[in-house]
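Quick heads-up: it's one chain on its own, the form predicted alone, in structure tokens.
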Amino acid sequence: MDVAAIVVAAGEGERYGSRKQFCDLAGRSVASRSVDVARAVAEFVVIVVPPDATSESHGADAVVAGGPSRAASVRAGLAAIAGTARVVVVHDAARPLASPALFHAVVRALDDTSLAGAVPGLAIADTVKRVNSPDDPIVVETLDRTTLVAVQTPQAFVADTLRRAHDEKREATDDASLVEAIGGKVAIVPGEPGNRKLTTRDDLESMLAVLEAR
């Protein structure tokens, strides 16, 4: 096996109000669309779902129960992937409109053997300020946005490096952070404005409009 993929679909969707990854999106579940596009590069796809939702595969080759955090859920997915995988791609189920070309771009970037990972990113158009805390929203600093990017999934990694990063049992909001923490070099490839994350009901309506226009 050369490339395997983990589709992370284990969240409870608190902000959305339900498990958004299983919502219907133009006749198919959001999760199944993310599994399908991961097959653009992956010979084997594992989906990680809540422990009480393992009866439905959403088209994946394997279904595993997630853990109490995103990182724990990815580790559960890694455990289901054979050691023969050279590259592991991690994708959030909540980004069902990522294109096959984006999956190919992050995997192709790893042809550079100095890299441990590749992730899609978009330049930030808004001015970004850092504040003391959510409870004390006093501006501390205005950041230089020319050096900042908003990161998306899919994220591709050298499989052995990703496993080592997760062996540390750290927590992070994305896998690139864990790889960076052990010294792995991660590159940014151009992201896609249409690769938005399903967070609210309005996002679902926008995604439906995109699919209808295709």
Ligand code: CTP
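Note that residue numbering begins at 1 and tracks the sequence as displayed. None of the values given here were measured: they were computed from a predicted structure.
The discussion below concerns the form predicted together with ligand CTP, not included here.
With ligand CTP left out here, work out from 89-97, 76-84, 109-117, 133-141 which stretch has heavy atoms within 4.5 Å of it in the predicted complex.
In short, 89-97.
So in the predicted complex, is ligand CTP close enough to G27 to count as touching (4.5 Å, heavy atoms)?
Heavy-atom contact with ligand CTP at 4.5 Å: absent for G27.
Can any non-hydrogen atom of G191 be found within 4.5 angstroms of ligand CTP in the predicted complex?
No, G191 is distant from the partner.
Although the partner isn't part of this model, could you tell me whether P68 comes within 4.5 Å of ligand CTP in the predicted complex, counting any heavy atom of the residue?
Judged by the heavy-atom cut-off of 4.5 Å, P68 is in contact with ligand CTP in the predicted complex.
Is the gap between A4 and ligand CTP in the predicted complex 4.5 Å or less for some heavy atom pair?
Outside the cut-off, so no.
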